[in-house]
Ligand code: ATP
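Form predicted alone, single chain, as structure tokens, below.
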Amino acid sequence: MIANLHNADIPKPVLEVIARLRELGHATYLVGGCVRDMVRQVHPKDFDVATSALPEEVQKAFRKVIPTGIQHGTVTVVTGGNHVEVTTFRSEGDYLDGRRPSSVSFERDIVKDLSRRDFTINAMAYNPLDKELVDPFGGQVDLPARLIKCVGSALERFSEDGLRPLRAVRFSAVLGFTLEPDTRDAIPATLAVFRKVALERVREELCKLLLSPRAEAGLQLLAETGLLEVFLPELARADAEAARLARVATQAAPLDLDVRMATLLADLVTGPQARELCMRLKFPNKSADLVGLLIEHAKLETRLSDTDPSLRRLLARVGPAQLPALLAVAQARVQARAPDQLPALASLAERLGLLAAAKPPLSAKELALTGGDIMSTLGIGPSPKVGEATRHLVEAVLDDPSRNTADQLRALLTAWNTTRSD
């Protein structure tokens, strides 16, 4: 395990920042997730540096420093175009609101800094220059044991920051680890604190869980610990078998957030309900709209015998650009619920693909006649009748795209107008 750290590929700018601070007499380490990932032989996304140097001492040590979160002890050192985040060792005051500490105190001792962290696997520090690992809480034991375990008392850690229980479940799903019994047992007991967490933060953790390799297990753990009931009661209160199938289908869906969210909810709520649910969880409007749209049309297994005009109308409502996402949701659902229907669904997907590839006119703007042409043909000015005529033409070309020529559409308009006048 230590050998993995010694052999890790640490960026040169990060090593230079650590060397400079240590040269000035400051204890300096890599901390948190990057140490955990290096031990696991996974290249870290970020390298966080922690030091005994105060923020002003870090600022004096380098030519260019950005005070990104200086009130919390964090600055960003800019070296050779690279950004290295450096944070002073700190301890925290009481958490009065279940979200953030009432105060932050700078420390000179790395162990005090590590003791405020959430899980043992995130509470290790490594000095790559002296090859020194600081692990006061047994993270190097819990990592190979594949355990998520709180630093100290799980009840205390979860009562401090209500997001930590959700992070525990998310780490379990992402890493494929098990929750240590005391850590798991502390989740139901601290749900009141979890309820205080901003939904933006809940959404971020949920998204990471949904895109994890073990989303199904993560969702089940959310349900079993009571977390799901707090922010996604539509799933938590669903029939047990329906909820299970939703989890299985989600696991089978491609690693696309909107697709997985739509797959999870497709058989539990309507499209409009899904959009409201996504807005409640602070998803972007675009995602909420797409998830709602996909759910509205997700049950493609009911359309296996649809005619081409019917499928063109489906394309018009969904939009050709969203067809791959719709097919992905439908396939994941059918794979979980009725795998024997997969060949028929594949045939439908092929038909839809061929229809879309033919680029049929699907909307008013693709008609061979403009609004002005329609008014000229009918001998009228702007009026509701123009909209009615346009919709009539769109329906006609959805039935038969070959009708989309100026002459044929004028003939259709004339006949429609005559019938309407009668």
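Start at 1 with the first residue shown and count on from there. All values derive from a computational prediction rather than experimental measurement.
Just so you know, the form predicted in complex with the ligand exists too; it's not on screen, but the next bit is about it.
- The partner is not drawn, yet in the model of the complex one stretch among 385-393, 30-38, 358-366, 49-57 has residues with heavy atoms inside 4.5 Å of the ligand: 30-38.
- Of the candidates Arg201, Arg214, Arg303, Arg108, Arg201 is the one whose heavy atoms come within 4.5 Å of the ligand in the model of the complex; the others do not.
- For the residues Arg117, Arg247, Arg275, Arg312, the 4.5 Å heavy atom test against the ligand in the model of the complex is passed only by Arg117.
- Shown alone here, Lys64 lies farther than 4.5 Å from the ligand in the model of the complex, counting heavy atoms only.
- Taking the partner from elsewhere, Asn122 is found to have a heavy atom lying within 4.5 Å of the ligand in the model of the complex.
- Proximity of Asp161 to the ligand in the model of the complex: non-hydrogen atoms within 4.5 Å are present.
- Although the partner is absent from this view, Tyr126 stays clear of the ligand in the model of the complex, with no non-hydrogen atom inside 4.5 angstroms.
- Contacts of stretch 160-191 with the ligand in the model of the complex, defined by any heavy atom lying within 4.5 Å, are made by Asp161, Arg164, Arg167, Arg170, Phe171, listed in sequence order.
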